[in-house]
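Each of the two blocks below gives one form of the same protein chain as structure tokens; they are labelled structure 1 and structure 2.
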Structure 1
Amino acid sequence: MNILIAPDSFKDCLSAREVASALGRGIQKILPDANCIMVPMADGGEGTVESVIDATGGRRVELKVMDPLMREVPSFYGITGDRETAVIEMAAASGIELLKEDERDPWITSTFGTGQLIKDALDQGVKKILLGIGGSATNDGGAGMARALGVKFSGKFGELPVQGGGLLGEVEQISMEGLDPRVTDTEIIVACDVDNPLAGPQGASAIYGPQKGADREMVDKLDRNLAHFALLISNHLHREVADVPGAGAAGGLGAGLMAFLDASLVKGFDMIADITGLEEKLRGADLVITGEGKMDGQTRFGKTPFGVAQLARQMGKPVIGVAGTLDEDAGVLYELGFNLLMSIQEKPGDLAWSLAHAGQLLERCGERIARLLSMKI
């Protein structure tokens, strides 16, 4: 029996590779002859770098960059085995998880560190950059990222060291003369699974600003600043990015990447599925197992398990979804390609205990799946 195991990571707990390995160990305890094919997955957010490294035999690059508040922190990105492509998670430099809750302030948080990761990747001589932009702490329209790569912004009194969304309203001129020339020779693909425009009721500030620390007054100001920034981009760079679906992703970084680096926005799952060769591997599978830390009704909106299940369904493959937590509305997934949903929980317990023992729980879940498969009715 060929069993394809293609999960996402369990957030704050285990990587996708660790999840797949634990399930595989459990299955082979009961079905030692089962051929478990591990395909660690991601959707452009946390775990994207590791997923691509695993799929291509690549390596991890570690360096120090500026965090959202311009403090030096350790960070990382990946390079594929052929050394042609870098894969970056913007959250590794500009992510909300890098800040304490009382430090969140999109008026001043910057994507400068993300630009530093891109620059270092260019120093490695890559020809393509894959960039996941989930989990940001910022609302600067990508201005910080652009500054790190040589773009200059100026206002009434000269050059502006734009840090955060607060200064965007003061920008009057954009100069691309200092942009790192290697950018033009590099294909930049952005994994983006939201379709928000840059500004307005569904824009970056209104939808994501509050979770990044903005109150209602700040949200309104940030929104006006991004609208102003989009107009400048149109006038100075002749690029219309404000209403492109995904422009508002990561506090407008989606728009900035398109405007300053000529990047293309794609669905994160599609990007990773292509790199890992998921579709081809699915063809030879008798059973597909996928999952993530929490599965619920929202899983159907671009999350990894849903993408795996949809591909498997097209090929007539049965799919089991495994999760740390199954919410009450997860049942909707039975209509969308999943044949069975399983939680790894075995008894009531606190979250900290479950996180600490997730590997064991996943392994035992794999055993239960194998016992189910071995039943003769």
Structure 2
Amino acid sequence: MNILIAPDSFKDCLSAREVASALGRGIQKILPDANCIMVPMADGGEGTVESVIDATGGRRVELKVMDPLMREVPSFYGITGDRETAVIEMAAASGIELLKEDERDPWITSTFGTGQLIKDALDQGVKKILLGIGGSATNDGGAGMARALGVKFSGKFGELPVQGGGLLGEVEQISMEGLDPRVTDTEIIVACDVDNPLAGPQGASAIYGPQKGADREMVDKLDRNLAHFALLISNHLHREVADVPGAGAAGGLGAGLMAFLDASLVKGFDMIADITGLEEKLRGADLVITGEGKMDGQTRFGKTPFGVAQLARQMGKPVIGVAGTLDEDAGVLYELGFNLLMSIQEKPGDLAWSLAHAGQLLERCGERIARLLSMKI
């Protein structure tokens, strides 16, 4: 029996690979002959680099780049086992988690460090770059990232050291002349699960500005700046990116990646499924197990287990979803490709206990799955 184990990570607890391994160990205790195929998944957010490294036998690259406030910080990205593809989490250079609460200021925070990560990946000779853009601290339309790769912005008095969303309003010229030429030969795929346009009431500034530290007045100015930036991109680069769904992701980094690097935006799940070869691996599976820390009604909106289940259903494969917490409304998932949902919990007990014992609980959940497979009814 071929059992595909393709979970997301259990947040604050275990990586996707650890989850898959624990389930697999449990299954093989009871069914030593079962062939467990581990495909640690991710959704383009935190854990994406680790999962892709784990799934492809790749490696982690560590380096120093500029954080959102242009201070040097340790960062990282991944390279797949075949060395063809780099995988980057923008949050590792430009993420809000890198700032203290009172340092959040989208007027000046920059995606420059993300550009440095891309540049380093190009130095490694990859043909393809996968980029997850969740959790940004920035609202600069990707201008910082573009500068790190050689794009020049100038205003009334010459070149502008654009840093943050505040200075975007003063840009009058964009020059692509200095852009790193390797960008052209590199396929850049961005994992993006939001649909926001660059500017306007549903744009980057209005929707995500406040959580990045902008007050109402700053939101208005940032929004006008991004709209102005879109106009320049249209006039000088002849690209219409402002209203592409996802242009407003990560403070407009979505738009910048499309405009300056000719990147394509895809769903996070599709990106990961592609790089892990999920679809191909699903073909040979007799049973599919997926899951994440918490499964509920929200799971159907682009989360990993839902994506795995959808793909499995298309191929007529039975799917078991495993979670630490199954919320009451998780039942809707039964109409969306899941055949069985299981919680790893075995007794009443608090969250801290459960997180601390998640590995054992997952292993025993794997045993339980193997036992139900062995039941002859």
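Quick note, the numbers are simply positions in structure 1, starting from 1. For the two forms, the rigid core is made up of the largest set of C-alpha atoms that agree within 1.5 Å on superposition. Only a predicted model underlies this, so the values are computations on that prediction, with no experimental measurement involved.
Student: Of structures 1 and 2, which is the form predicted on its own?
Tutor: Only structure 1 matches the form predicted on its own.
Student: Checking T56 here: with the core superposed, does its CA move 2 Å or more between structures 1 and 2?
Tutor: T56: C-alpha displaced by less than 2 Å between structures 1 and 2.
Student: When the two forms are laid on each other by their rigid core, does T186 show a Cα shift of 2 Å or more between structures 1 and 2?
Tutor: Result for T186: no, shift under 2 Å.
Student: How far, in degrees, does the smaller rigid part rotate relative to the larger one between structures 1 and 2?
Tutor: 15 degrees is the angle the smaller part turns through.
Student: Rigid-core fit: what Cα movement does R371 have between structures 1 and 2, in Å to one decimal?
Tutor: R371 C-alpha displacement between structures 1 and 2, core-aligned: 8.2 Å.
Student: When the rigid core is overlaid, by how much has the CA of V319 moved between structures 1 and 2, in Å to one decimal?
Tutor: The alpha-carbon displacement, core-superposed, is 5.2 Å.
Student: Check the Cα of P7 between structures 1 and 2 on a core superposition and give its shift in Å.
Tutor: Looking at the C-alpha of P7 between structures 1 and 2, the offset is 3.0 Å.
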